[in-house]
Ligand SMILES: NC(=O)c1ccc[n+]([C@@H]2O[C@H](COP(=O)([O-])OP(=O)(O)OC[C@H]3O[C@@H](n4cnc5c(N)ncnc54)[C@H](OP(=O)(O)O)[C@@H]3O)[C@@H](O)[C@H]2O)c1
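A lone chain, given as structure tokens: the form predicted on its own.
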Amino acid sequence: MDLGLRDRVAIVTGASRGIGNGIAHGLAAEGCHLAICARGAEALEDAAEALRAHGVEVLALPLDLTEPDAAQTLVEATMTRFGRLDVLVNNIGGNRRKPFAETTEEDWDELLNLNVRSHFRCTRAAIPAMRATGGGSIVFITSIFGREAGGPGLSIYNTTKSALISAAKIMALELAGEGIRVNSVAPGSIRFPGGSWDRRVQQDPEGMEAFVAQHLPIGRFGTVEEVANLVTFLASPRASLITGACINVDGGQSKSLI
């Protein structure tokens, strides 16, 4: 199926590795030109070179999106290079696991800035560019633990991921009339080299085998490509009626009724 993304332009944040990198490859394979960013310049340029093998143009910008002006810099550079913006994939994020009573103001500030405010800054910067383009698609990468309890030690992570899902729903309502669709994607346990689940499997293979048997009905961890496939579809005109949705990619892991 031709998704209609050829020669469109997408920003993917946190695209040097993991899920963000997989999403960038999914979009590039459909002929979408890319602006990608991450903190590490060397890994980012390596990622850009691999993406150019798809025959698309790639703008690689080493940026720390927790800095207040970085999002505007990213969008302005994209518009200067390509003259349009059709897709924004907000992907960066992190975690700090500890009991709620032990969390500090610094913990909350750091994770809210990384997991929430950076996404909102990028989105606010992107909306005028998408209006000028004539519409677009915004996708927030969240988590199934934004839809239901993630368990002890995850108060900050759960809160930030829930915030993205909620805000995306409101944005979808506000922007629908302008042809800008807004959705969120909630991955479950996704394994990729260097990721947290991969490290756990390496450190405790028997424990992770038991985890899979207990929590993952599909019988395995998810892959980056499986998340990227959904995001690429949501970014495309083929998903023209989908806005305000939060879609799981979890192999049946989550238990939420929504």
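These numbers were taken from a predicted model, which means no experiment stands behind them. Residue numbers run from 1 along the displayed sequence.
A second form of this protein, the form predicted in complex with the named molecule, is not displayed here; the remarks below concern that form.
J.: Do Ile141 and the named molecule come within 4.5 Å of each other in the model of the complex, heavy atoms counted?
T.: Judged by the heavy-atom cut-off of 4.5 Å, Ile141 is in contact with the named molecule in the model of the complex.
J.: Please run the contact check for Ile19 against the named molecule in the model of the complex: heavy atoms, 4.5 angstroms, yes or no?
T.: Yes, Ile19 sits close enough to the named molecule in the model of the complex that at least one of its heavy atoms falls within 4.5 Å.
J.: Contact between Ala48 and the named molecule in the model of the complex at 4.5 Å, heavy atoms?
T.: Contact with the named molecule, no.
J.: Does Gly93 make contact with the named molecule in the model of the complex, using a 4.5 Å heavy atom cut-off?
T.: Although the named molecule is absent here, Gly93 would touch it in the model of the complex, with heavy atoms inside 4.5 Å.
J.: Can you check 169-177, 128-136, 96-104, 141-149 and let me know which stretch has heavy atoms within 4.5 Å of the named molecule in the model of the complex?
T.: That would be 141-149.
J.: Among the candidate residues Val212, Ala228, Val58, Leu63, which is the single one with a non-hydrogen atom no more than 4.5 Å from the named molecule in the model of the complex?
T.: When the named molecule is considered in the model of the complex, the option within 4.5 Å is Leu63.
J.: Tell me, which of Leu114, Ile156, Val75, Ala163 has a heavy atom within 4.5 angstroms of the named molecule in the model of the complex?
T.: Partner contact (heavy atom, 4.5 Å) among the options: Leu114.
J.: Taking only heavy atoms into account, state which residues of 175-194 are within 4.5 Å of the named molecule in the model of the complex, ordered by sequence.
T.: Residues within 4.5 Å: Pro187, Gly188, Ser189, Ile190, Phe192.
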